[in-house]
Ligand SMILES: NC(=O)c1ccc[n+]([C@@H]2O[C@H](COP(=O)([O-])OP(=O)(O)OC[C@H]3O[C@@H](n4cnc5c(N)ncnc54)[C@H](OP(=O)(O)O)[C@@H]3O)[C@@H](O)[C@H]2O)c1
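Shown here is one chain on its own, the form predicted on its own, set out as structure tokens.
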Amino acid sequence: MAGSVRSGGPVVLVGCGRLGSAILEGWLLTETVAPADLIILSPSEKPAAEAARAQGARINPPLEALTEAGVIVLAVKPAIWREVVTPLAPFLNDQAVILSVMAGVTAPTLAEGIGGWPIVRVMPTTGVSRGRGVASIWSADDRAQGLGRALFEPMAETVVLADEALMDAATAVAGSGAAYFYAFTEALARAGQASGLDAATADVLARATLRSAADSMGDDDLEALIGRIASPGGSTRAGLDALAKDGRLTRMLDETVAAAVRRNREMG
């Protein structure tokens, strides 16, 4: 129901870039936050923010409006968060919660730069814009964690992490994972071309297969799903054996996730 999140005041979205816009669109789509309860701070005009304004959200009001805020959602680039947040901090009330969707910026770092407000970190995917995202959540504060869940569960499949140190790995798997699947799909289409398909046909088949596989997956055991398609001695099993030869698929993904984890930590 619209406005169902009880944050103790307006929800302030700081930053309306690609991820911030996706979050905003998801809130409006799922009616998680009523537009009248939204304050959006953005240095430039964004279509998602303008759509929210048309429904009653406030865009770049005087900073005094932040004294009412229940939660401040930081959706800016990690490299600039300090310069963005510093002017806001004097206006925040004692009960506000800081919710960060910035990769790599830890809660102790945020606390050092902002102050003593409760902090919850959330790493969502841009699929939240369609109400079909994924979000990893961590907080040492129960109320802050509850707010994070309330803001994201309506538009994402969420997991609550036991330790903040796991956030970088969760980000590397889920936050970055869609790009890995897209890259695999592109490579699959090119492999189809190498085997004789024209480019357009290979592209349609690869994309449609990814969508079909996602729709069919559900919560079933992954090995069981593979087994339904890969008959012993069949062509699918031959392809899977090629993928797994000398452990190269596992090794490649281990290296991929590890590289993303390293970069997340560097950005923080």
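In case it trips you up, residue 1 is the first one in the sequence shown, and so on. None of these values were measured; they are calculated from a predicted model.
Missing here is the form predicted together with this ligand; even so, the following discussion is about that form.
The closest non-hydrogen atom of Val76 lies within 4.5 Å of this ligand in the model of the complex.
With a 4.5 Å cutoff on heavy atoms, Ser231 does not count as touching this ligand in the model of the complex; it lies far away. Residue contact check for Ser44: one or more of its heavy atoms lie within 4.5 Å of this ligand in the model of the complex. Contact between Gln193 and this ligand in the model of the complex is not found at the 4.5 Å heavy atom cutoff. Among Ile119, Met123, Ala156, Leu151, the residue placing a heavy atom within 4.5 Å of this ligand in the model of the complex is Met123. A single residue from the set Ala89, Ala169, Val84, Val160 has any heavy atom within 4.5 angstroms of this ligand in the model of the complex; that residue is Val84. Against this ligand in the model of the complex, the set Ile72, Ala111 and Arg143 makes no contact: no member has a heavy atom within 4.5 Å. Only one of 238-246, 203-211, 64-72, 35-43 places residue heavy atoms within 4.5 angstroms of this ligand in the model of the complex, namely 35-43.
Taking this ligand as it sits in the model of the complex, the stretch 8-28 comes within 4.5 angstroms of it through a non-hydrogen atom at Val14, Gly15, Cys16, Gly17, Arg18, Leu19, Gly20.
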